[in-house]
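Let's start with one chain on its own, the form predicted alone, as structure tokens.
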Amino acid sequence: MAGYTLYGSEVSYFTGKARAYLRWRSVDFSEEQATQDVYRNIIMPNVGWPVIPVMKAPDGEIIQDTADIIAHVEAAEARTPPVRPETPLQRFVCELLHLYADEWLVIPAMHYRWTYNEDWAYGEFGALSAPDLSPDAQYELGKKNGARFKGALPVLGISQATIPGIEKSYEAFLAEFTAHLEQYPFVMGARPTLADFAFIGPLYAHLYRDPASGKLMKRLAPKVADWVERAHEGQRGDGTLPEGDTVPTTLRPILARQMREQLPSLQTINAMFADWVAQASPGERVPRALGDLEIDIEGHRETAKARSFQLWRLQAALDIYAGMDAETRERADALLDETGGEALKTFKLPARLKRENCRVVLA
């Protein structure tokens, strides 16, 4: 039977996440560049819009979204250790960090790419789409194709008003992650988990690989750069996580940063979602943006779009929290209290979400 095929690119945020996972899982897979032909013949007919990565399973099924790709391979391969921690508190934290990496670290990742690496990125996009063109022609094509990605900066709240806060927060995150890596080789302990592959998304494709931001990472946080190299290559570690379902204390500053910066946005988005749910029907596609909100990063504020997909990622964490026994819930609550996440203890989505035909819809 043929192996898996990953359609993506080195320049893609989420392709790096899927690639690192597939390498770590040691499955038979090949990667094909998402050229114009791949978009035309595979991605658009099966997914409906231009997005990468997309994976073709050995039976021919097409899967989109990295969480779905990982879940599909985990179920199909049934290998050990599982990508998600087996104990509830560690699994809860892993999903919180998944949410943070996928939906909040995209802000510094996009800022550094399009503020400091723009011309380089155009060349990369052009070479990906049309590898046979000349470099000049690739640049022009890349400029055309890259326009929609650069156009996402206002959606994310990236502007001259927030750039100082974004850079301050990102450099502090690098210091916090460095302190963690001085004690543990991977995010949750001595082996990779979903949290590592989620962090690879922004930290490899944008913040390590792009020239200007890569130099910054290697200068300020060489241990983070070393982790990027190891995790992206699929290094397995020794297979252990901290005993007793404990969470490394060195993750608390990162979780506290997430709660300060991302949690207020999630609360606002959830209120907007409740208003939308009141008029919606089961199976209806959730709008990608539910309105406008204000983000605050290190005291720097800007208007951004209320991106609904964050609630889908959050639902996975809340489901784990809801299923905890009393003793685990008590430890989870203590961690949330310590990191400023008290609001998550009573956070309720007004309706459940699900994935259907590669889209998030009302369950």
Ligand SMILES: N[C@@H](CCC(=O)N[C@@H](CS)C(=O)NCC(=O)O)C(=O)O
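The first residue of the shown sequence is 1; numbering continues from there. Just so we're clear, the structure is a prediction, and the values are computed from it rather than from any experiment.
Missing here is the form predicted together with the named molecule; even so, the following discussion is about that form.
With the named molecule omitted here, the record of contacts in the model of the complex names 48-56 of 320-328, 292-300, 48-56, 25-33, defined by a heavy atom within 4.5 Å. The shortest heavy atom separation between D210 and the named molecule in the model of the complex exceeds 4.5 Å.
The named molecule is not drawn, but in the model of the complex it has a heavy atom within 4.5 Å of Y13. Within this chain, Y116 is remote from the site of the named molecule in the model of the complex, having no heavy atom within 4.5 Å. Not displayed here, the named molecule is approached by D102 to within 4.5 Å at the level of heavy atoms in the model of the complex. Checking W120, W276, Y184, F149 against the named molecule in the model of the complex, a heavy atom within 4.5 Å turns up for just one residue: F149.
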